[in-house]
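The data below hold one chain only, encoded as structure tokens and taken in the form predicted on its own.
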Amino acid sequence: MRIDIVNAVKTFKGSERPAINGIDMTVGDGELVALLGPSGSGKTTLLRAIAGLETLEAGEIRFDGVNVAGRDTRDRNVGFVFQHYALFRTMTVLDNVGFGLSVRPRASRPSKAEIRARARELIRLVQLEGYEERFPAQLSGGQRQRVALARALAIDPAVLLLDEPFGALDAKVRKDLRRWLRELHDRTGHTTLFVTHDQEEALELADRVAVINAGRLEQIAPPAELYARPATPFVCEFLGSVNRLATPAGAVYVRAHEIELVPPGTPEARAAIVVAVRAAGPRVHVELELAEGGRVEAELLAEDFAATGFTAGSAVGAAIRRTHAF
């Protein structure tokens, strides 16, 4: 299912600015796209508008060329996974997964046996065999999220939408689940959009990432292109650790890992003093005071920094390998 969002606008009552402000973007058939942005940027509102849970005041949402902006949610054939699972506490895993099929109109509702067979098939798909008769309270957070995903898939949706699907989980479980979700997507081929504010999650998981800020689409591109060729200052600042250099010509940025520490006096390197050194696992963050004024942060592998012999107070050269200018 291809999705085209055309000049979408949504303003909530009492708000001074639109939550979605003229967004245009396309999601290809079978593509996995991340909606990335800070809190309040409009990414969840956009996802809910695609699902039909929010009504646009202007613009269109097209599924395979057909405008569905005026259609009810149940007529859009979308699966929606909420951040906090929204499972039914008094239902077993099996009944939760089959719920969407069990409440269909009688004319299109499968038999009870068919519903249970479909639910068991999906429970196997999300690797929860043996948990069919358990209740949500008897599951871990990661297991509950898998049940929620299986329930969304049960109706065989044309589009799968996930709102901060791993936001309530700890870091280790998040990593495991997003790897699993990518593998699941590659097997099922659903057109999928997911909302996240986690840059690493978006860059690792998605085919393309849409960066949204203040209700506007800043850029949509594959992760490598987004990182290497940011289209706007916001995208550059939002992705990764970045320094803004003081220049009269405009906004010039350098990423922390693109600063190399060299001996003082090295040609074309900027004179600096090491102000602070902070170790973070295999990497070291080095704060520098530039002789020309201003501070920047360099990021190096711990072994590379150790090899330089520099410490706090050392005079160094800051060799900038690459900048992003706007």
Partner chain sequence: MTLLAPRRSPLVGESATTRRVLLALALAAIGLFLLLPLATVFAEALSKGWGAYFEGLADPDARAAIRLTLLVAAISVAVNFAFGIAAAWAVTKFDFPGKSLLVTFIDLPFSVSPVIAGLIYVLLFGAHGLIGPWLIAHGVEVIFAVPGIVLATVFVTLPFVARELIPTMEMLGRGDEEVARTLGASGWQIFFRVTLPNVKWAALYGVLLCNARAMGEFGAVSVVSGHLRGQTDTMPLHIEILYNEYNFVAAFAVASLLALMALFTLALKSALEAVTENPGR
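Being a predicted model, the structure only gives us computed values, none of them experimental. Residue numbers count along the first chain shown, from 1.
There is another form of this protein, the form predicted in complex with its partner chain, and it is not shown here; the text below is about that form.
Of the candidate stretches 25-33, 295-303, 59-67, 46-54, only 46-54 has residues with heavy atoms within 4.5 Å of its partner chain in the model of the complex.
Heavy atoms of residue 102 reach within 4.5 Å of its partner chain in the model of the complex, making it an interface residue. A residue is said to contact a partner when one of its heavy atoms sits within 4.5 Å of a partner heavy atom; residue 87 meets this definition for its partner chain in the model of the complex. Mapping the unseen interface onto this chain, residue 188 falls outside it, with no heavy atom inside 4.5 Å of its partner chain in the model of the complex. Heavy atoms of residue 234 never reach within 4.5 Å of its partner chain in the model of the complex, leaving it off the interface. Looking at its partner chain in the model of the complex, residues 118, 127 and 166 place no heavy atom within 4.5 Å of it.
Residue-level contacts in the model of the complex: of 135, 227, 253, 180, one residue has a heavy atom within 4.5 Å of its partner chain, and it is 135. Here is the short version: of 91, 203, 245, 139, the single residue with a heavy atom within 4.5 Å of its partner chain in the model of the complex is 91.
Taking its partner chain as it sits in the model of the complex, the stretch 59-86 comes within 4.5 angstroms of it through a non-hydrogen atom at 72, 73, 74, 78, 80, 82, 86.
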